[in-house]
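Take a look at this single chain, the form predicted on its own, given in structure tokens.
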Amino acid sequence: MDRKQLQYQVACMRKSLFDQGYLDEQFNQLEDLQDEANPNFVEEVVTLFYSDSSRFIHNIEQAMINKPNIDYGKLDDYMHQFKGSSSSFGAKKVKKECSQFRECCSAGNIEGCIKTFRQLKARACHFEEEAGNILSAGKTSWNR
């Protein structure tokens, strides 16, 4: 596949993430920070987001194991961090699920937490797969 075809493919996959609501304007701002001095900036941020997501998901799963003695404050703290990471990255759907989870924590609703957490994990996993496809297709071709 030639370079123009590859760039077109990457642009289509990127647009799909926006069209599906997985990314928001914050991601455009991250892309604007990538330049000749930092040619792999977006790839590095995506990789960091993957790492953070995995850590947050693991911590939340561990905190929810203590059912019925759930520490909602601890869960809320973990999810607050996850939401911050998602917001700074532009992961719109993940951020939305984080907000819903936090609402369930505030209400002491463990069933709501479990349901929302499953959705959050699915959204994060789907997003990571799609972003990974873009990275593997164009390596550092996130540029618009």
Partner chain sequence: MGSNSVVSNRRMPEKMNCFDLSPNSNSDSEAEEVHVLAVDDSLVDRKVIERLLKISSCKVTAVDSGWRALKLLGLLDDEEEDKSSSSSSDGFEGLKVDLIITDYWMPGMTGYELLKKIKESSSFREIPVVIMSSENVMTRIDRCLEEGAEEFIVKPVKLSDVTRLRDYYMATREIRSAESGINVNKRKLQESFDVSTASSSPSSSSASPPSLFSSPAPCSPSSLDSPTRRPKMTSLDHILI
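Positions refer to the first chain, counted from 1. What you see is a predicted model, and the numbers here were worked out from it, not measured in a lab.
Just so you know, the form predicted in complex with the partner chain exists too; it's not on screen, but the next bit is about it.
Participant: Answer yes if any heavy atom of residue 61 is within 4.5 Å of a heavy atom of the partner chain in the model of the complex; otherwise answer no.
Facilitator: Outside the cut-off, so no.
Participant: Does residue 110 reach the partner chain in the model of the complex if we count a contact as any heavy atom within 4.5 Å?
Facilitator: Result no; residue 110 lies far from the partner chain in the model of the complex.
Participant: Does the partner chain come within 4.5 Å of any heavy atom of residue 29 in the model of the complex?
Facilitator: Looking in the model of the complex, residue contacts with the partner chain include residue 29, since a heavy atom lies within 4.5 Å.
Participant: Within a 4.5 Å heavy atom cut-off, is residue 93 in contact with the partner chain in the model of the complex?
Facilitator: No - in the model of the complex, heavy atoms of residue 93 and the partner chain never come within 4.5 Å of each other.
Participant: If you check in the model of the complex, do 35, 41 and 87 all have a non-hydrogen atom within 4.5 Å of the partner chain?
Facilitator: Judged in the model of the complex, 35, 41 and 87 all sit within 4.5 Å of the partner chain.
Participant: In sequence order, which positions of 40-59 have a non-hydrogen atom within 4.5 Å of the partner chain in the model of the complex?
Facilitator: Result: 41, 44, 45, 48, 49, 51, 52, 55.
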